[in-house]
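One chain follows as structure tokens, the form predicted alone.
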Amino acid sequence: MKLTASGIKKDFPRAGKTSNFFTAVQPLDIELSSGRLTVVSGRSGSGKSTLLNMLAGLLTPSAGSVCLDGTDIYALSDGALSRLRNASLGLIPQGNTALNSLSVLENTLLPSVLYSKCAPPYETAASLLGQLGLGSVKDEKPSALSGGELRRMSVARALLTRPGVILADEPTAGLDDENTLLVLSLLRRYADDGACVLIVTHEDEAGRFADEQLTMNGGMLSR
């Protein structure tokens, strides 16, 4: 599987003005290939999350294209794009995206039940949660978890269906050294098993797990 962005950029209008724009991501190309883990590092506000959200099909670029195995994802209908994301992309977003009405295990299972009539993979979800140190809280509601535990739950949810592309936005934010190593090692393992993995982060630790390291500064990407 290959995710390729060509000439993508993102402009945002400045508040209160109609003709003045701020360019969060300058025109750039990036390619993510199966079996490789790419790290994009940079300070907060450098454009890393904007780039990731464009690659994930969540934020339409102002210019350029994003193709998954040759398919221009922004040429798809909303429904088709949602199905493609669910089938092929594992997204670890910033912030807490848990549904508080569901248990930790049920939250983890969400990607497997959105468009499927098959039985949910309870054992796989429980195993992932166990690998991430969350086995003892799988039946709890998200409100009972710490910020670091919620972060690891989002990692388990993104990896559940073994997607071909994994996009991780600050996946180790708020984690201690032990759990940071746990998460990065797991993402490295999924890359070794054939996934395209992208990690955007402002932390240096992820670099030693990477096949390729890129830097983002002022919306520009460099090696």
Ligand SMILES: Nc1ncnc2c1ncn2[C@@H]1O[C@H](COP(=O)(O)OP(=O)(O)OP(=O)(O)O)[C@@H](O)[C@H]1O
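When you see a residue number, it is the position in the sequence shown, counting from 1. All values reported here derive from a predicted model rather than from experimental measurement.
One more form of this protein should be noted, the form predicted in complex with the ligand, which is absent from this view; the next part is about it.
Stretch 43-51 is the answer when you ask which of 43-51, 64-72, 178-186, 150-158 has residues with heavy atoms within 4.5 Å of the ligand in the predicted complex. Contact between R14 and the ligand in the predicted complex is found at the 4.5 Å heavy atom cutoff.
When contacts are judged by a 4.5 Å heavy atom cut-off, F22 counts as touching the ligand in the predicted complex. Proximity of Q94 to the ligand in the predicted complex: non-hydrogen atoms within 4.5 Å are present. In the predicted complex, the ligand sits within 4.5 Å of a heavy atom belonging to H202. Shown without its partner, the chain has E170 as the single residue in segment 144-177 with a non-hydrogen atom within 4.5 angstroms of the ligand in the predicted complex.
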